[in-house]
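Take a look at this one chain, the form predicted alone, written out in structure tokens.
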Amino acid sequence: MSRILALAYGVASYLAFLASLLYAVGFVGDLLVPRSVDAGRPRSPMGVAVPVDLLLLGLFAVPHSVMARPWFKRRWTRFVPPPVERSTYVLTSSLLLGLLFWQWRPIPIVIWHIDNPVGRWLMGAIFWAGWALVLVSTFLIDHFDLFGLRQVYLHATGRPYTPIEFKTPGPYRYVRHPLMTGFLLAFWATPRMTAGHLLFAGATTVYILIALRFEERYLVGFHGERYEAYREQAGMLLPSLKSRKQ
């Protein structure tokens, strides 16, 4: 029964992730959602909107980064069964994103606005290409392990968990973190950049750059010389000169 409950919990957490991801596309792109980065709540003075939005971003970023660190996982799994540790991480992140979407204060001051049809089309193409890169990148490294389904499935079937082997398929051959590259493309590509959108894109960019430093340190410690060689071959967010020559 505990294995069935763990599997159900993992599936529910995954569905929460899917819902938050789909809403994130609408939130950033201001598409088909009641509350987006640019619309949805009564206007707040900038002196209120900026600290509230930064607080919401911090409430997501800090747990999202801390809960992924090995030292936290070792302590956390004293209370949370290891098979559902990843699902709990996914669920927590999804709920915190939901809070951000719900309470975000738009700041409608326009920073840039592109009227040219070609320019608008180009920004839209980059936006959707970014989200496509995010999705494809997750499947290339094992989508279901990344979001906790593989762990609960193996537990439900009585098989031990084995870490995913190190591999560099597709864009990973040239960029170490194409998933984050996709997010950055999606966050920044807009024909109408408002102050609120700029705050969101800028803060998430800073968070990604900081979080990747910690992630790189962990990966070097886990994979050793193999990852060090990979760092020499591929750029962190953009292809390096060495990867372009290959």
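So that there is no doubt, residue numbering starts at 1 and follows the sequence shown. Bear in mind that the values here come from a model prediction, so they are computed numbers and not experimental data.
One more form of this protein exists, namely the form predicted in complex with a small molecule; it is left out here, but the text below deals with it.
Answer range among 148 to 156, 91 to 99, 119 to 127, 168 to 176 for contact with the small molecule, defined in the predicted complex as heavy atoms within 4.5 Å: Every other range fails; the passing one is 168 to 176.
Site test, 141, 212 and 218 vs the small molecule in the predicted complex, non-hydrogen atom cutoff 4.5 Å: Yes, each of 141, 212 and 218 comes within 4.5 Å of the small molecule in the predicted complex.
Touches the small molecule in the predicted complex: residue 201 (any heavy atom, 4.5 Å): So residue 201 does not count as contacting the small molecule.
4.5 angstroms heavy atom contact with the small molecule in the predicted complex for residue 180: Residue 180: yes, in contact with the small molecule in the predicted complex.
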